[in-house]
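Encoded as structure tokens, the following chain is the form predicted on its own, with no partner shown.
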């Protein structure tokens, strides 16, 4: 049986504050094969690891990420909202994550803002030993990255519209994977991807029934918030 590639969605975000080094360390300890994280740009153009465009939900800050310098962002607490034991966790830079786990875990960088594309690509080239895949819902951004970096692994995220049209875009861009919401999976979708040599990695899979459905359909990998639990389920099959 082929190995299912387990991506830790924003790190092990079920047990630690999402998109922090604590969540990434927990994912590695759990045995995840890769980390998924999100990138925004600070006002001084540094790629920082945070999902939302604003600071309100996952830090003690307020307002737009893009209106704060890196120095200002580093003053914020990105852990206490999740639990007091994580007080003092900071918003990491993408560079810090690359340096932290240079060659041990694959890193899936989801770009939330097209402006971050060049900065992410520059970092990926600097950290050539890091196994990076760039993913996005912004297909124009992915096309631009493909033109700049012919060999860069790309993941096409999808959640609405005609999946066959999205799949055509992924194939035209020579993507590595097609990443749909797990509730939108179908046998036809998985078959179409595999016929074209494209891996399929659904998100975000956290229940046993959802995992079983993914396995029955023959996906190649998945994104989950609790990699320890998913890997335990897999081991018990």
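Positions refer to the first chain, counted from 1. In this text, all values refer to a predicted model and were calculated from it rather than measured experimentally.
Beyond what is shown, the protein has a form predicted together with SN-glycerol-3-phosphate; the following relates to that form.
- When contacts are judged by a 4.5 Å heavy atom cut-off, residue 107 does not count as touching SN-glycerol-3-phosphate in the model of the complex.
- A residue is said to contact a partner when one of its heavy atoms sits within 4.5 Å of a partner heavy atom; residue 86 fails this definition for SN-glycerol-3-phosphate in the model of the complex, lying far away.
- Though the partner is left out of this view, residue 51 does reach within 4.5 Å of SN-glycerol-3-phosphate in the model of the complex, counting heavy atoms only.
- Contact check for residue 24: every heavy atom lies farther than 4.5 Å from SN-glycerol-3-phosphate in the model of the complex.
- Contact with SN-glycerol-3-phosphate in the model of the complex, judged by any heavy atom within 4.5 Å, is made by just one of 127, 137, 81, 100: 137.
- Proximity to SN-glycerol-3-phosphate in the model of the complex, defined as a heavy atom within 4.5 Å, singles out one entry of 157, 123, 154, 116, which is 157.
- Heavy atoms within 4.5 Å of SN-glycerol-3-phosphate in the model of the complex map, among the stretches 59-67, 34-42, 190-198, 165-173, onto 34-42 alone.
- Contact residues in stretch 212-237 (any heavy atom within 4.5 Å of SN-glycerol-3-phosphate, taken in the model of the complex) are limited to 223.
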